[in-house]
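Just one chain is shown here, as structure tokens, and it is the form predicted on its own.
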């Protein structure tokens, strides 16, 4: 059989999972570790816009061509994650490009594009302002980054990879000029590490993929003492390596215990995005990175039917991206030093809305559900923007064999970046195997034509089934085929019990994390932000888990929902938050932890915290307060 290298991938975003999938498909043993849940980094805080490359056509045609090729590839292999809406680019006075020059450049790149007058653009997208004089119709699309990442991770496990979430890298060991081991610390019952920002769907792919040169990061990394070059591309001896048990997701995985573990992979790929320099620093390496913060806002309604981008060339751009029943409005672009300190004060969101309401006036009347901030990163350039992806082999740069770091790139080209990384890793071990990720469909995208025939089988109304099918693709019949009742647990997002149970059973690493269920199903992402459904989702943990574990998981889910709401609390959304509090603090008694009722010196829940309800007919009674729409 020969020697099979064991590769450890650090980072559970869309790029990290794609690297793990590519390497596993090529037959390597793969372990992926992520300190939080999948998509916890930049992937979970983006706008979900799948670029066509048209924005780059006027300035960098090779970049534009790559984007369009990957746009088409993802539409083929992940069609249940991609909605081919098309999009509009609206040039501004600050753009050097014009409608005509963009269309001409797109033709040179074989990207279909159409010049539109203002009237033609409004007939296609009625929400556009009367002042818009022209636009370019382009094949942009929307993509669900959560669904895409989870499907990619699931595919990786089907090819034998192991995915460990809530597992943080605490040390990378270097001996005699080579990476020899990685120490990780496992949290088996996470209650959620504090994120100053929310992980809700979606940052624009702010960095253009205009480079795949592995030398784009400047020299100057720390030389490892005693290093005289790595051991080369010859794999270590035939020593016993940690086994790589695979899982198909059909059985609930065993739950690892807490504690520290030392892993000894043959090779390490650092794909931790905006945290890449910090992780590389654990091995003694350093290199500069560019980071910026982007504010985004989620609206309750969907003011546009297709992505509308204000700004038609690379650089800061404002976009309204429809997703399901909502829209994600973004994004600002401000430098930031610490990727864990992104939370803004709301002023940047105000700037964002002020810019876009001039193009989409309906945003003025939209109810804002939440505000969140994402982080963009990449290797620095002369203009301070990280617009490339860079593959850094630390054997070449730092004289230390056994580790490669990848930085930059975008969701649109993540599969291509993963292919380049997998090519490099395989080449390091003298393995010659072709990439197949551009042709193998992700789980859920294999047999879309069979879905329409099974709706009646499971007794779901058309809207609920349609939403479920959008999320699960061809896995829909498998997930919905349950013996017991299958009620809708989250009405706003049409999530049923069967889908929640599937997400719990398929949770990577077996951690008790309702936010993992959220990113897999969209439950609690509707207008109530979990106010009316979070407790139902938590109830699905009973009776397998003790009450304390369930309470902590529910607390974590509600805290994650609150973080993005607090910057959008006015008008109807303030009223919704007040109703949520009344429901959870009073009706559900969550103002008092369950331990209060169990203490020997306690009289139980303080029932005097409940009132007698509203007094009807009183002159001073605020009738219908907070219920206006």
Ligand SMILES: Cc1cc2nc3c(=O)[nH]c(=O)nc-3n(C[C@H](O)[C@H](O)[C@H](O)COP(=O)(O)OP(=O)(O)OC[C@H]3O[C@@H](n4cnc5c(N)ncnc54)[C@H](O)[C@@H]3O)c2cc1C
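Between two forms, the rigid core is the largest collection of C-alphas that superpose within 1.5 Å. Computed from a predicted model, the values in this text were never measured in an experiment. Numbering follows the first chain given and starts at 1.
Not pictured, yet referred to below: the form predicted in complex with this ligand.
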Report task. Verify the flagged residues 152, 444 and 521 against this ligand in the predicted bound form: is each one within 4.5 Å by a non-hydrogen atom? Result -> no
Requested in this report: Would you check, heavy atoms only and a 4.5 Å threshold, whether residue 70 touches this ligand in the predicted bound form?
Outcome: no
Query raised in the report: Does this ligand come within 4.5 Å of any heavy atom of residue 46 in the predicted bound form?
Result: yes
Requested in this report: State yes or no: in the predicted bound form, is some non-hydrogen atom of residue 159 no more than 4.5 angstroms from a non-hydrogen atom of this ligand?
Outcome: no
Query raised in the report: Do residue 168 and this ligand come within 4.5 Å of each other in the predicted bound form, heavy atoms counted?
Result: yes
Report task. Check each of 106, 525, 390, 268 and return the one that places a heavy atom within 4.5 angstroms of this ligand in the predicted bound form. Result -> 525
Query raised in the report: Looking at 318, 376, 415, 394, which is the one with a non-hydrogen atom within 4.5 Å of this ligand in the predicted bound form?
Result: 376
Report summary line: Given 367-375, 111-119, 283-291, 80-88, the stretch touching this ligand in the predicted bound form at heavy atoms within 4.5 Å is 367-375
Query - Residues within stretch 4-38 having a non-hydrogen atom within 4.5 Å of this ligand in the predicted bound form - result: 11, 12, 13, 14, 15, 16, 33, 34, 35, 37
Requested in this report: Using a rigid core alignment, state whether the CA of residue 559 is displaced by 2 Å or more between the shown form and the other one.
Outcome: yes
**Report entry** Shift of residue 362 between the shown form and the other one at or above 2 Å (CA, core fit)
**Finding:** no
Query raised in the report: Does residue 492 move its CA by 2 angstroms or more between the shown form and the other one when the core is aligned?
Result: yes
